[in-house]
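One chain follows as structure tokens, the form predicted on its own.
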């Protein structure tokens, strides 16, 4: 069963998480307080759509950082799979493992697909104070691109002025 009906909405405090980046290093959402986070949930390393989506975000990192935003990607794959995927695709942002307990963080954000055992293809923009400002769930076989991300980052920036 898909959890699309329970996807966290804008205005909701982003649930805290701490996940493994590697066998001996963890990253926490709290590590990003004071910066915006583009939180990317994706189904699987090495799948064609995921590869294209994450490669696009990797290319756009300088643009995202102009808005004081960092990309953090999460799937239920293991840290070893993430390490190989990041190396193969030259991904330079964190790929975090929601492996054990499987999908725990995906469930917190309402994007875990119980029947399939992986995350929806979902995007969240979390502001500097930890509040979700935008969320979007894409069909699993569709690359959501970056237009919604960039539009939201621009809107958040213009509110500051």
Partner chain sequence: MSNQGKSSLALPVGSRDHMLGSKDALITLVEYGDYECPHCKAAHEVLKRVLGELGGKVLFVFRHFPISTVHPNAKTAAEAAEAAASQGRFWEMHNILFENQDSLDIDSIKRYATTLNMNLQRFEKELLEHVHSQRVREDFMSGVRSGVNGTPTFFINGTRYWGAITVDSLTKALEGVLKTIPTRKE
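Positions refer to the first chain, counted from 1. Please read all numbers here as calculations on a predicted model, not as lab measurements.
Heads up, the form predicted together with the partner chain isn't pictured, but that's what we're talking about next.
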Quiz item: Among 44, 131, 104, 55, which has at least one heavy atom within 4.5 Å of the partner chain in the predicted bound form?
Solution: 55
Quiz item: Counting only heavy atoms and a 4.5 Å cutoff, which of 94-102, 59-67, 27-35, 114-122 contacts the partner chain in the predicted bound form?
Solution: 59-67
Exercise. Decide yes or no: are 6, 16 and 78 jointly within 4.5 Å of the partner chain in the predicted bound form, with each residue judged by its heavy atoms?
Key: no
Quiz item: Could you tell me if residue 23 has a non-hydrogen atom within 4.5 Å of the partner chain in the predicted bound form?
Solution: no
Quiz prompt | Any non-hydrogen atom of residue 152 within 4.5 angstroms of the partner chain in the predicted bound form | solution = yes
Quiz prompt | Contact label in the predicted bound form: residue 140 to the partner chain, heavy atom within 4.5 Å | solution = no
Quiz item: Would residue 89 sit within 4.5 Å of the partner chain in the predicted bound form, counting heavy atoms only?
Solution: yes
Quiz item: Hey, which residues along 114-149 are within 4.5 angstroms of the partner chain in the predicted bound form, non-hydrogen atoms only?
Solution: 133, 134, 136, 143, 144, 145, 146, 147, 148
